[in-house]
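Given next, in structure tokens, is a single chain: the form predicted alone.
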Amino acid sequence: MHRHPLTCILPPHMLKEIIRNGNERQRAFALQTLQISAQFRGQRQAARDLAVALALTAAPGKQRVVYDAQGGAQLPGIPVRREGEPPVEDPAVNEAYDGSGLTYDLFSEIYGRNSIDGNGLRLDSTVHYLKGYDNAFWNGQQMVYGDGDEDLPPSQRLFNRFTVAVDIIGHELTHGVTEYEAKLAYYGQSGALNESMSDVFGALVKQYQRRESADQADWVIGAGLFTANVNGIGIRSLKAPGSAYDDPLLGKDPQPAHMRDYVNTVEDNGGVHINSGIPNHAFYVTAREIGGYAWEKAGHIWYLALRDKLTATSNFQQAADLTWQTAGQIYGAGSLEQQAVKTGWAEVGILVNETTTPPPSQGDGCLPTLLRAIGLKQI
């Protein structure tokens, strides 16, 4: 149940606020989005199995296909742009194509990863999913994007199309990376770590695209997604969790930035979209402490911890310990980078356990190293 959820960019608490506070059509769109999410949750394992099968026949290098659902629910839809083809007139198609390519490039060029699964999985995306679908999701096989409130009068629109923000695309595709690596269970702290990993690498995709340093970046997820009718800068902020929006219809951003404000709830799979603000802020502080481009050192630490150390049930304390250990293994014990990780977690109320013996990483030893070098994965 918690291993293969439908991982959507908009949290359910935001949609529930719209149902509570919006007008009739706004409530209808939000309710439809919640219902669609529930329907898809039961289909995740089948989608994952198909993705594994497709990976066996994947062509080498970056491969993308964008489909058009034409306002319907049939996936994947009609193919409208394939790898290497020129841009089309539809901006949503081009944004999905470019965003998946940028995500591929970050993981490939910086971390040496061959697509989402590490084995060249083709990146499929579907745009124009349903009418008034206010979300984007990774279903275990492909990306799916709604067009927001395009059918509402301009004065009532809350969301633009969901391909408009490249960090949303990076966020959802990173759920695929997590699914193939640490497999963080989608509940409680492990689920919040799952969401946080997607926010972290979604932010890094945007920063990598813009060549922004940690100091220059806005650290906002989903900037540009809200219309001018919403009082907010995006759906989450790694820099200042809890400050991304405060709106009569959407409510106030509920994310905490410190363990003293941790939210205990059964909603949203134990608050996975809420408490992710804590590890998000830990990464932000770490990246600022290190300086330079966040995708280089801070991102490298987080990626290797995700790939080699975190497990399905890892909690915040274990994530702190393992990222600290990873930094020491890469950059040396007591290095600036390791101290930055320690500072990042301390800032959110978590002290790393420096006496814990590091577990053997998946990359240690001759066999796993050899397998990764030739593009295979140890099972």
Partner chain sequence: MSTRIRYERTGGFAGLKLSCTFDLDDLPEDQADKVSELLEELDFFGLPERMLPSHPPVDQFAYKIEVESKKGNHRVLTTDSAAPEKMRELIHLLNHLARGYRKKD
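Everything quoted here is computed from the prediction, not taken from an experiment. Positions refer to the first chain, counted from 1.
The same protein also exists as the form predicted together with the partner chain; that form is not shown, yet it is the one meant from here on.
Contact check for residue 168: a heavy atom falls within 4.5 Å of the partner chain in the predicted bound form. Looking at residue 92, you'd find every heavy atom of it more than 4.5 angstroms from the partner chain in the predicted bound form. When the partner chain is considered in the predicted bound form, residue 131 lines it closely, a heavy atom lying within 4.5 Å. Of the heavy atoms in residue 186, some are within 4.5 Å of the partner chain in the predicted bound form. For the three marked residues, 135, 236 and 267, a heavy atom of each sits within 4.5 Å of the partner chain in the predicted bound form. This chain lacks the partner; the member of 219, 104, 159, 303 within 4.5 angstroms of the partner chain in the predicted bound form by a non-hydrogen atom is 159. Just one of 309, 281, 273, 206 comes within 4.5 Å of the partner chain in the predicted bound form, counting any heavy atom, and that one is 273. The stretch that touches the partner chain in the predicted bound form, counting heavy atoms within 4.5 Å, is 171-179, out of 76-84, 171-179, 281-289, 113-121.
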